[in-house]
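One chain comes next, on its own, written out as structure tokens in the form predicted alone.
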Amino acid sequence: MVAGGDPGVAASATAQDHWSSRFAFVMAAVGSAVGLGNLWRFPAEAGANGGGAFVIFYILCVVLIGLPILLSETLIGRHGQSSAVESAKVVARESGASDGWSALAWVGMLGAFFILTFYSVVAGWVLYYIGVFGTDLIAAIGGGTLFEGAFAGQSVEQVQGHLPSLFADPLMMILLHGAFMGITIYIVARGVTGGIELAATWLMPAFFLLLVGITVYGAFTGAFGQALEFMFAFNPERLLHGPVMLSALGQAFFSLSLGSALMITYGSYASRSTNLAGASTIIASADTSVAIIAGLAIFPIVFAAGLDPALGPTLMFQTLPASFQAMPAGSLIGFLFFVMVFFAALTSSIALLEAPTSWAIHKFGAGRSRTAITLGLIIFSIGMLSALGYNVLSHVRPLAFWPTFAELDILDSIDAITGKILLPLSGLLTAIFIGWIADRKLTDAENGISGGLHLIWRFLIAWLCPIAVSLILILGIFPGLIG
């Protein structure tokens, strides 16, 4: 990408946009944090790893680890008033430190870029299920069976077979991946206020309404008591197992989209009147609430159907569809559920694309639309490997001595590299930079806190956060170190 045409066009392309209000900033930031992982990973992790004890430890990790780093990232962005990389450089230069500290944003931005290559593929599965349930809903309305279960006449095995059928259709996988990326590109190309903010301020309230509505539905029609027992039974002896505590710590870090340059980028659009500490607290609280409420929405439905709340995508794309088969108005609730999931996936994907787009706009002076389209197409092309890895490439051996693409497991490999290396590394560099390198007067003027809270934040970001994130990084790379 190179700048061209009227110099005034390039200048306007690099002018920093801003959120129109604090509400817009909070909604966009919450949207970037609330994603697919909140809806399936946290509830299942809580239920399998100590229930209420896990939830309490998770909340402690959010407060003591997540919030200090979240505040640090947003203050870097607001002070720098540029892309994540340039904002980190501004803070480093004004602190008399090396530009090399911008690596904290480079690593995170690279992680965001590659996460979106497979995140869009999984989000394409959400679009597929919107279509599946939408078709079933139309049939139920036409047949007068709206208030009965979904997928009349199909067995549980047939319902759960929808996902393998999708995997066996490479063209459909690519089309869904492309459709989701196309929507993401369109919104990012429209700009901060005309695209990202507009989407967030409409989609996130709609998401919360649907989440609460489905939770109420599950409470009245599902096994709500069993879900409460599963998620909140207090079993501290299970929590004390090392990997369980690490899981809670990692979930707290990743659920807030830390270490991915997203919050630095979104922080750069925040106005000077926005109290970053207050906004960060709201963001973390909303994200945590969504994770907990999601379990109360999902598990009553799963348990009422007598199915296993398996961890991971299986829960959302196989177990839940089969559960809706046995629930009243299952077609309608299933359709609304996947629309809700789509909203969460879209607001996260917008942030993942915005981080590298913001950098490229400032770096090359190119127009936003062209930049978003170019990067989006590159991401789509790389993502095709993840999409096709389920079928067409599963038996391809590029060279005689290479494993097959199926053995490489492209999607899981990219997920592991970004989640276990890039994001924790970026978070670690951020904690060290703000805790030890950045000018204290500069950070104190941006963070929006004072007195005892300021001293606590200073201690946490300088000492506890680096230690905790180092554990995530080291044990993510060497999981055998802990039993």
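Keep in mind the model is a prediction, meaning the values are calculated, not measured. We number the residues from 1 along the sequence you see.
Omitted from view is the form predicted in complex with a small molecule, to which the following refers.
Asks: Heavy atoms within 4.5 Å of the small molecule in the predicted complex: which stretch in 193-201, 360-368, 256-264, 176-184 meets that?
Replies: In the other structure, the partner sits against 256-264.
Asks: Check each of I59, I432, L36, I449 and return the one that places a heavy atom within 4.5 angstroms of the small molecule in the predicted complex.
Replies: Exactly one listed residue reaches within 4.5 Å, namely L36.
Asks: T274, S348, T117, T215: which sits within 4.5 Å of the small molecule in the predicted complex by any heavy atom?
Replies: Only one option qualifies, and that one is S348.
Asks: At the 4.5 Å heavy atom threshold, is L423 in contact with the small molecule in the predicted complex?
Replies: It does: once the small molecule is placed as it appears in the predicted complex, L423 has a heavy atom within 4.5 Å of it.
Asks: Give a yes or no for V121: in the predicted complex, does one of its heavy atoms lie within 4.5 Å of a heavy atom belonging to the small molecule?
Replies: Heavy-atom contact with the small molecule at 4.5 Å: absent for V121.
Asks: Quick one: does I301 come within 4.5 Å of the small molecule in the predicted complex, counting heavy atoms only?
Replies: Result no; I301 lies far from the small molecule in the predicted complex.
Asks: Taking the small molecule as it sits in the predicted complex, is L104 near enough to touch it, meaning that at least one heavy atom pair lies within 4.5 angstroms?
Replies: No, L104 stays farther than 4.5 Å from the small molecule in the predicted complex.
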